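One chain comes next, on its own, written as structure tokens: the form predicted on its own.
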């Protein structure tokens, strides 16, 4: 019986080793050059100005991707849950389509579309739009493609969050008190699905900081593309920065997992019950 209980940890340990060993090897390679500890590989952060530019560009793309996802998908899902539940399967299919389309195929389609716009001649509207979307300082074309890539996971997360709350009763109660529809969404609905929202936000951050193929195909130097460029002449520095990003991503996902449980309706109910029990115990001791 004890052997069976211990056996359930075998898959967990196997997955942990599978994930941890490459990261630990990368950490050792980055900070133990020649067998002695050194943070010299991280000097590239201060010495290479292109890293700051790539980081700023990636942060801007990430922020716009998150805002676009929240502003478009949350109202759409709330509307479908409230007034058009029969359309939910259609919305689900549309949002999960990026899972079956390889990112490189999306990149090929985007490049073809931008190339068509550029060939319309200088001064034409398609050419102006193509140039605007590919602005090196803020490539909005990457925002659009990253929003598409995040749709499947964001849809699942927010949809699950909306299913756990009495959405219709909340919206009707808020409307009776005089709130508008968008006021209800941002003041009532979103605070009640904070766990799902945080998970979606952190996933979008992880994707924007880790996606390479689209950015490289569109010739936009984000952090992953910068790492690839630097690796040709300073491989240890590229590994050091990659390790830093990897650990940051894992930390964000860890926080997202904790937040999803803490801010879920079940988590709030448990905390409220513990608070009530604590107050009841204190009153009983005082009396």
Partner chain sequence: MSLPVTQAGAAPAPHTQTGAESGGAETGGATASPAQRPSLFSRARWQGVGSALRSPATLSLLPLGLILLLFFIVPIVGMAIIAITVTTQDGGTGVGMDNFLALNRGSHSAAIVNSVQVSLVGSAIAAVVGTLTSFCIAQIRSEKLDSVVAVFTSVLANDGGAPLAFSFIVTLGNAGVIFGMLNLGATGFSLYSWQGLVVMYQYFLIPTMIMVSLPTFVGLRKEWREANAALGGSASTFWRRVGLPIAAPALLGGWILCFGAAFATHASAAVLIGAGGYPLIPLNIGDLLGQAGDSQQVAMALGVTMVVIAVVTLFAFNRLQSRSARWMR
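Treat the numbers as computed from the prediction; the structure is a model and nothing was measured. Residue numbers count along the first chain shown, from 1. For clarity, a rigid core is taken as the largest C-alpha set superposing within 1.5 Å between two forms.
What follows is about the form predicted together with the partner chain, which we do not show.
- Note on the interface: of 157 to 165, 84 to 92, 170 to 178, 190 to 198, the segment with non-hydrogen atoms within 4.5 angstroms of the partner chain in the predicted bound form is 84 to 92.
- Contact here is defined as any heavy atom lying within 4.5 Å of the partner chain in the predicted bound form, and by that definition not a single one of 55, 66 and 127 is a contact residue.
- At least one heavy atom of residue 75 is located within 4.5 Å of the partner chain in the predicted bound form.
- Interface residue remark: residue 47 is not counted as part of the site for the partner chain in the predicted bound form, having no heavy atom within 4.5 Å.
- Although the partner is absent here, residue 212 lies within 4.5 Å of the partner chain in the predicted bound form, judged by heavy atoms.
- Shown alone here, residue 42 lies farther than 4.5 Å from the partner chain in the predicted bound form, counting heavy atoms only.
- Of the residues in 106 to 129, those that come within 4.5 Å of the partner chain in the predicted bound form through at least one heavy atom are, in sequence order, 106, 107, 108, 109, 110, 111, 112, 113.
- With the core held fixed between the shown form and the other one, residue 218 has its Cα displaced by under 2 Å.
- Core-superposed comparison between the shown form and the other one: the Cα of residue 253 travels 2 Å or more.
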